[in-house]
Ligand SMILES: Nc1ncnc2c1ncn2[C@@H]1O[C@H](COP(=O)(O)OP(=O)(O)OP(=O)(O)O)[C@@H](O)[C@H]1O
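So this first bit is one chain, no partners, the form predicted alone, shown in structure tokens.
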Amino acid sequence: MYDTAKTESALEQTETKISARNVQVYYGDTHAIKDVNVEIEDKTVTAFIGPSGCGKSTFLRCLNRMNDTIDICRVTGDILLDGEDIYDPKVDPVQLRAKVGMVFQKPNPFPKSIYDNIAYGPRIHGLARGKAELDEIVEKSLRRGAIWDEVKDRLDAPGTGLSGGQQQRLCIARAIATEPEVLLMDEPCSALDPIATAQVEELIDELRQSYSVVIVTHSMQQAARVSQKTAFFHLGNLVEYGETGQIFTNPEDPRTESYITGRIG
């Protein structure tokens, strides 16, 4: 039996941040994503898991219109951010990407100083009214990215000179410098060693106090450690979506169980 009072109080605490309805993605004639419906909650880490080529990164890129950069890609259906259609012609993709930040698989700091990596977004979006405000944003972002103490004495040094794990935390700090509402992460730890991975995972757990975080990961252990909600993709379909604990211990769909127990993937 459900404890309805408990369920309702849980629902009141979390609100939907992104709502996807009947989303289809085509690359030319290839139907890559089929009829995905999902509600992504605010202040929650949602993990997308599934075998390689199952559509999880493709769907992630729909959430900030990164697929717009691919000529042969076509997206249909509705994706709403706080109830607003992000594919509405009136929506500027550049402004959208300030609200929906993205961190990629391979750390990709700009070939600029650590300071300028963070200051870049706030500058182009006009978020600072002068050097003092910009300094404040840079420090706050680097603190949030859990890297301030390591770099505060060398902000003029190139971001590319940092270690892999530091570069990835710099990229996370850069993504949150524009005060986004959602943070997308496409396998953010796959190029990192176990120590750097643990630091990034700890950071993800802290970031969910302020953001809705969506992470694509190949590692089921990582999904189990960092997320509250998990979506399992297979062959372009969203097979199952629910509480992470339930997906891993008591999945409803046999395909989910096969993937989690290592029989497919």
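One-based numbering along the sequence shown. Predicted model, so just to flag it, every value in this text is computed and none were measured. If you superpose the two forms and keep the largest set of C-alpha atoms that fall within 1.5 Å, you have the rigid core.
There is another form of this protein, the form predicted together with this ligand, and it is not shown here; the text below is about that form.
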property: Stretch in contact in the predicted complex with this ligand, which is absent here, among 196-204, 221-229, 34-42, 47-55 (heavy atoms within 4.5 Å); result: 47-55
property: In the predicted complex, the residue from Ile124, Ala132, Val94, Ile72 that sits within 4.5 Å of this ligand by heavy atoms; result: Ile72
property: This ligand in the predicted complex reached by all of Asn108, Glu181 and Tyr211, non-hydrogen atom within 4.5 Å; result: no
property: Residues of stretch 147-183 in contact with this ligand in the predicted complex (4.5 Å, non-hydrogen atom); result: none
property: Threshold 2 Å Cα movement between this form and the one not shown at Ser113, rigid core reference; result: no
property: Core-aligned C-alpha movement of Asn37 between this form and the one not shown, 2 Å or more; result: no
